[in-house]
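Only one chain is included here, represented as structure tokens and corresponding to the form predicted alone.
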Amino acid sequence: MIKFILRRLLLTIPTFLALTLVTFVAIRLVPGDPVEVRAGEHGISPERLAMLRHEMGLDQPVIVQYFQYLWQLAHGNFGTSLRTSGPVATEFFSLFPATLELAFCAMMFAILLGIPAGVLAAVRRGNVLDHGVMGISVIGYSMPIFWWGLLLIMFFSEWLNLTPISGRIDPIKFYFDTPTGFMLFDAWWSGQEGAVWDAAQHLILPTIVLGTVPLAVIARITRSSMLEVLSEDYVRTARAKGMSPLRVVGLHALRNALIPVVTSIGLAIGSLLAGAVLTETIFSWPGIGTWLIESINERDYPSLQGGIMLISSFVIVINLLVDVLYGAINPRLRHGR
């Protein structure tokens, strides 16, 4: 098991280096000059522009800038924001709890609906329920996030007036410190009546929008895995012994069918964080997604590079943990079978 973990750790090194190179190059392909953006709309002298470019290190050859960037990363330095002049890592971790809270709620929404839907579709294979679940899954997976978000806002917020449109809590009704950054917990900790419910209401639509794609994936993988397990001999034996259908499906089939589902859940975290960029923009959610969009508009290279690298590092760690967990469940993977 230790050798298996070490192999997976070694594989993360070239992945991380490739990620730094792709991020570094892709960001510099974005149109616009960060020096001119920082200088403002009013023109400044060429000497001042050259001084700013030197201060930002943009007068160096690209290859030199890349190795300087790697050297900073090796020392845990993700750069300084051009917009705020603050450390990128500090800004990231001050906003990351908002994104993490949204991603966690979206994943819970996807799991709690996706697994039962997939199980029911497999048990009722070929009937209306099965076709309905799979049809909705295809639609959910194919639906553009921005269109789905705007549709929900128009229906639930504008027409029915049931949910808030944007933000994490009503700042007019509630004001309190947020030491953890997780609004539901901080609202509960504040003791203000109605704060938790208001924070939960703000979470409803973003959770549905962000959780729709993983919900569709989990439902389809659960159905496929359940169909494979339900055809196994031990399931037929359990039925022949007279066990109730609920016990056969829940105890014998589902437990073994969950292995690929758990893997897909771990891998879906990356798509959640990627989808959070659009979701947070639509709902004005003050998290990493909104921060990255603002950094793109301002050509804030350090914030973009640091934010993408921190998110990617988080995804790499999650994937590593999923690999290790899967290797612990299935010993054949540890021996390369």
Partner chain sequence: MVAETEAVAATAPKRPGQLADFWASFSENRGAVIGLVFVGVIALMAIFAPFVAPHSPIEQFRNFTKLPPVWEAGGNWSFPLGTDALGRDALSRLIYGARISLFIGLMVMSVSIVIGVILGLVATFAGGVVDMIIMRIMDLIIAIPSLVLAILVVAILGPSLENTIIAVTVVYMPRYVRLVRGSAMSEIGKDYVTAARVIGVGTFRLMFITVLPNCLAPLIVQAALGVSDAILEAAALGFLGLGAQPPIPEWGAMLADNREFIRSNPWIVTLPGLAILVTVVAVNIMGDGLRDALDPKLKRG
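Quick caveat: nothing in here was measured; it's all calculated off a predicted structure. Positions refer to the first chain, counted from 1. Between two forms, the rigid core is defined as the largest C-alpha subset superposing within 1.5 Å.
Although it is not shown, the form predicted together with the partner chain is what the next lines describe.
Participant: Tell me which of 83-91, 219-227, 239-247, 175-183 has residues with heavy atoms within 4.5 angstroms of the partner chain in the predicted bound form?
Facilitator: Result for this chain: 219-227.
Participant: Using a 4.5 Å cut on heavy atoms, which of 108, 139, 128, 74 is close to the partner chain in the predicted bound form?
Facilitator: Checked against the cut-off, the match is 139.
Participant: The partner chain isn't shown here, but in the predicted bound form which of 146, 104, 189, 156 has a heavy atom within 4.5 Å of it?
Facilitator: Only one listed residue qualifies here, and that residue is 146.
Participant: Is every one of 26, 282 and 293 within 4.5 Å of the partner chain in the predicted bound form, counting heavy atoms?
Facilitator: Checked in the predicted bound form: all three residues contact the partner chain.
Participant: Look up in the predicted bound form whether residue 65 has a non-hydrogen atom within 4.5 angstroms of the partner chain, and give yes or no.
Facilitator: No, no contact at 4.5 Å.
Participant: How about residue 18: is it within 4.5 Å of the partner chain in the predicted bound form, going by heavy atoms?
Facilitator: Close contact exists here: in the predicted bound form, residue 18 approaches the partner chain to within 4.5 Å, heavy atoms only.
Participant: So in the predicted bound form, is the partner chain close enough to residue 324 to count as touching (4.5 Å, heavy atoms)?
Facilitator: Output for residue 324 is no: heavy atoms all beyond 4.5 Å of the partner chain.
Participant: Using heavy atoms and a 4.5 Å limit, would one call residue 56 a contact residue for the partner chain in the predicted bound form?
Facilitator: Outside the cut-off, so no.
Participant: So which residues in 289-314, when you check the partner chain in the predicted bound form, have a heavy atom no farther than 4.5 Å from it?
Facilitator: If the 4.5 Å heavy-atom criterion is applied to the partner chain in the predicted bound form, 289-314 yields 292, 293, 296, 301, 304, 308, 311, 312.
Participant: Would you say residue 314 moves between this form and the one not shown, meaning its CA shifts by 2 Å or more once the core is fitted?
Facilitator: Residue 314: C-alpha displaced by less than 2 Å between this form and the one not shown.
Participant: If the two forms are fitted on the core, does residue 285 show a Cα displacement reaching 2 angstroms between this form and the one not shown?
Facilitator: No, shifts by less than 2 Å.
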